[in-house]
Ligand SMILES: Cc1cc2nc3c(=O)[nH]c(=O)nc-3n(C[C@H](O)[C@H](O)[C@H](O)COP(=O)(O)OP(=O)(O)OC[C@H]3O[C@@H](n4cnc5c(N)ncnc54)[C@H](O)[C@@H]3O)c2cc1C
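A lone chain, given as structure tokens: the form predicted alone.
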Amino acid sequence: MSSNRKNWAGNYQYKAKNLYQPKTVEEIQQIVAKAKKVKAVGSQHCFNDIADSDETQISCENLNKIISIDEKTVTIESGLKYGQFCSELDEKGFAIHNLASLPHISVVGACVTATHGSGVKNKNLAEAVSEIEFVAGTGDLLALSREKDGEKFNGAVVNLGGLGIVTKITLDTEKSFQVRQDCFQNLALEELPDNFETIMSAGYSVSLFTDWQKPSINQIWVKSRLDREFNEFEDEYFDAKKCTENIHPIDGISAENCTEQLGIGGVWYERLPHFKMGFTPSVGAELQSEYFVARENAVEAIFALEKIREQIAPLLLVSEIRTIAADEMWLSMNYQRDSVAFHFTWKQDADAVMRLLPTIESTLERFNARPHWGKLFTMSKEKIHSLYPKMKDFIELLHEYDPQEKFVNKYLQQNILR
């Protein structure tokens, strides 16, 4: 299978000549052993060529079983999406610590690109990984764990598909919990300098949405765990008004595909994402970019972006601001710093967006903004290397597991390898 395949957004057409959909790990090993160039492709929610290959792609969608669930971990095959196993995990009485806004993405794809949810104390989704199994460039099946492999493990989880084809992954679990969502509209930016930390700490997970058309935040979404102390909000939160009906992050779009709001409690996997599994996520035809700065610089970065909002707004559907706690994973955008992420959901005008991104990157440069690996950016390799202290170590790790550079594609050449 090979012709006319595009990513989810439709902005990128894969160049790989062959797509294999093996049903066993042994088949993956055979394909990798024979291939000259090969790459894993997941749920196709990346907006660039990170998952493409000159020759061969492997989809693990047929490896879609839950292997085991216990009080500490869940082990799954690499083809599963979050929305495909969370309900069964909850039925057993367990949960994972956080979810991205879309439950439609593959677990492995999210982890190897350091994708995240929100929360001042919540680390990215890869932080839940305690063990990873993969087929290396030699065709050998290998495994690394947090407990046994320490620092090498920190380099291997967020690997951008560079170490091999992931076949199995183990995640930390905790006791299942309930979450409620309270949403507010129209917060003046002038409230942020004194109150940003308070607002972003108002719940277990908090998101701010804006279209950058005026000096205000359009919406605040607060997700609160009901097994912990939480806020009982009044009709106003600072100067933002509490919503009396469900809303969509993009003004004017039906909230039908959004998870339940209005303070109505529900199971964790039906509240932590913004969108329901059974509906088209977000608006479908879109492009995305995202940049991460240290949380201590959040307010200054917001006002820096506000100065160029007249350039941003015409191309934008919505922008989301979220917090992510620091971690120790070498290529995580949150490596050793608590972060704020500025996410941009763009109209599907690729040429105009790509012309605008250097302006955004220049605006955020003084904050050492790190781009999301799976989204659109124009930052140079030299700049990217300066942002990741362990980049040299990661390149050595890549060559250890893929000495023939079978998993090296145009994306890794352009952004990682010297």
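Bear in mind the structure is a predicted one, so any value in this text is a computation, not a measurement. In case it trips you up, residue 1 is the first one in the sequence shown, and so on.
A second form of this protein, the form predicted in complex with the ligand, is not displayed here; the remarks below concern that form.
Taking Gln29, Ser43, Thr56, Thr363 one by one, only a single residue has any non-hydrogen atom within 4.5 Å of the ligand in the model of the complex, and it is Ser43. The partner is absent here; in the model of the complex, the one residue of Ala294, Leu102, Val299, Leu305 having a heavy atom within 4.5 Å of the ligand is Leu102. Though the partner is left out of this view, Pro249 does not reach within 4.5 Å of the ligand in the model of the complex, counting heavy atoms only. Of the heavy atoms in Arg322, some are within 4.5 Å of the ligand in the model of the complex. Remark: Ala51 counts among the residues lining the ligand in the model of the complex, judged by a heavy atom distance of 4.5 Å or less. None of the heavy atoms of Ser130 is located within 4.5 Å of the ligand in the model of the complex. Taken together, the three residues Lys123, Met329 and Phe367 all stay farther than 4.5 Å from the ligand in the model of the complex, as judged by their closest heavy atom.
Across the options 183 to 191, 252 to 260, 231 to 239, 107 to 115, residues that bring heavy atoms within 4.5 Å of the ligand in the model of the complex belong to 107 to 115. Contacts to the ligand in the model of the complex (heavy atom within 4.5 Å) from stretch 147 to 171: Leu160, Gly161, Gly164, Ile165, Val166.
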